[in-house]
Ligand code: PCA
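One chain is shown next in structure tokens, namely the form predicted on its own.
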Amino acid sequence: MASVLVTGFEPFGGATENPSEQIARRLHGWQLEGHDVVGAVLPCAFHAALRELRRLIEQHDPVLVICLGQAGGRVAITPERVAINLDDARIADNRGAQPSDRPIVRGGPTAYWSTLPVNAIVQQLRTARLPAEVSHTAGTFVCNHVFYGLMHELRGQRRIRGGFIHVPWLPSQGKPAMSLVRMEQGIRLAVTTAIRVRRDVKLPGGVLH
């Protein structure tokens, strides 16, 4: 059976919970259209997160990798369109690292595009009455670090597709927020769409935003 890897992050910045972690754990063991979903949690630490992601990819040999992260202040589930080659941390990660104005991969491309069907995912989420938007910035903290590192790892091959999706806070973390049930519903729909849709949709008037 083909595998799909979905990752979340441990809590960071003094928080005690992270919805991306909870969603990844809830999706672990889900079987969907001939795919076995592996849910895993990455450390919120720049280099350690990428090492763990590479280990998981090698171990499970997925055909699809979707990394999740928490984006406080966002009101919607937001598939990320582009990762940039920059670490510039406003706060320290969970191991005390706080890189400033550094490339993730020295000499690497300025950016990588997601190979997820981001428009189709947003379209399907909105059809299900879930708030969703395409995002054009994954920030410059560990989320973007992992997103860029993932796409760098997958460069030059077409067998494994990958990308990153941000989710809002839980209600217990502050506002704006979304319930864990609705976020899980949205990510399950995103995974399903990514499996079914190989070529992203073209929308009248340009991309969704």
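In this text, residue numbers run from 1 along the sequence as written. Since we're looking at a predicted model, the values are computed, not measured.
Separately, the form predicted in complex with this ligand exists; it is not shown, and the next lines address it.
- Site residues A83, S114 and G149 are none of them in contact with this ligand in the model of the complex, judged by any heavy atom within 4.5 Å.
- Within this chain, W169 is remote from the site of this ligand in the model of the complex, having no heavy atom within 4.5 Å.
- When this ligand is considered in the model of the complex, G69 lines it closely, a heavy atom lying within 4.5 Å.
- Using a 4.5 angstroms limit between non-hydrogen atoms, V142 touches this ligand in the model of the complex.
- Contact check for C44: a heavy atom falls within 4.5 Å of this ligand in the model of the complex.
- Residues of 12-27 placing a heavy atom within 4.5 Å of this ligand in the model of the complex, in sequence order: F12, N18, S20.
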